[in-house]
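Next up is one chain by itself, shown in structure tokens, the form predicted on its own.
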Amino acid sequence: MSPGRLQSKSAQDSLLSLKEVGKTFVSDAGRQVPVLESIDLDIRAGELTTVVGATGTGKSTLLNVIAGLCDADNGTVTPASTLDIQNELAYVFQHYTLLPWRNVLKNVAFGLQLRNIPQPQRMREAAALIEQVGLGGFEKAYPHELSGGMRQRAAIAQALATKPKVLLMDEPFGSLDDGTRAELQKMLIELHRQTHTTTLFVTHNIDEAIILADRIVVLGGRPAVIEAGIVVDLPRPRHRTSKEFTELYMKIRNMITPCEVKQ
């Protein structure tokens, strides 16, 4: 399979299919800056897929195109007939998107409120999710009263509250310390085990990509193409010191320009 093309094991299981997707931005000086080139990717139902690449490779742009936050200049993003991309897709950003004037409970329940879910039901469902992400007891806390890791737990609960079929995550743990990042990685793996929500997780951290993924998409080059798609069959929990982990780490690292690797 040539670079830039990556399909899931079964195209029939794909919730989203990208074909020949390209994106170019225009710089302040008016120069054309190609970012993505001929991206073919099937996002398979139930998978936790990580997208890894150096900073500036176009990973966030790829998510934004999928989410419809920016249009591709060429190619197509086609949802499955069973996916309503406007109502069944959720996005967790690197920077917290909680509403500062709402407490944790009301933030998590916000999406349900927009869908006119009755208040008693939405509060029950929000409270259950808060407990699920490890924030029990902080329902009445406001975002400014929480640590960075706690705010991101709340943001993930908020995203999952509407039971999305696809969850996009743009380096959500990138600003956290190593210990907190490891805790949230474990939490995400457990949430995915319970919900099987199709998840596309962007990171520049190779360790994180391997720890989380069922499948890793490696972006490289400028404009970016898909350098490889790797099914991760290492048993969980995965240990960074194992021979298999180290070999996979080095394989991915060697696909990324060394001067651009950020850990």
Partner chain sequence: MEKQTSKLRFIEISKIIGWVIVPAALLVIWQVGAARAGKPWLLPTPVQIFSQLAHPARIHFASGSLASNTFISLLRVLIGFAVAALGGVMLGVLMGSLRRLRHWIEPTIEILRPLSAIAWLPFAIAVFKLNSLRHLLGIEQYQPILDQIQLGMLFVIFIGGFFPILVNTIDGVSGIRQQYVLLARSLGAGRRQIFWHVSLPAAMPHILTGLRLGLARCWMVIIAAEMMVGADSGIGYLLMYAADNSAMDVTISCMVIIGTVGGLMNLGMRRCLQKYTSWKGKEI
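Numbering follows the first chain given and starts at 1. Note that the structure is predicted; figures quoted are calculated from it, not measured.
The protein also exists as the form predicted together with the partner chain; that form is not presented, and the subsequent description refers to it.
- Highlighted residues Val202, Ala228 and Phe245: none comes within 4.5 Å of the partner chain in the predicted bound form, counting any heavy atom.
- Though the partner chain is absent from this view, in the predicted bound form it lies within 4.5 Å of a heavy atom of just one residue from Gly136, Pro118, Pro100, Gly179, which is Pro100.
- Considering the partner chain in the predicted bound form, the lone stretch of 72 to 80, 186 to 194, 127 to 135, 101 to 109 in range is 101 to 109 [heavy atom distance within 4.5 Å].
- The closest non-hydrogen atom of Arg151 lies within 4.5 Å of the partner chain in the predicted bound form.
- Heavy atoms of Lys140 never reach within 4.5 Å of the partner chain in the predicted bound form, leaving it off the interface.
- Residue contact with the partner chain in the predicted bound form: Pro34 places no heavy atom within 4.5 Å of it.
- Although the partner is absent from this view, Gly68 contacts the partner chain in the predicted bound form, with a non-hydrogen atom inside 4.5 angstroms.
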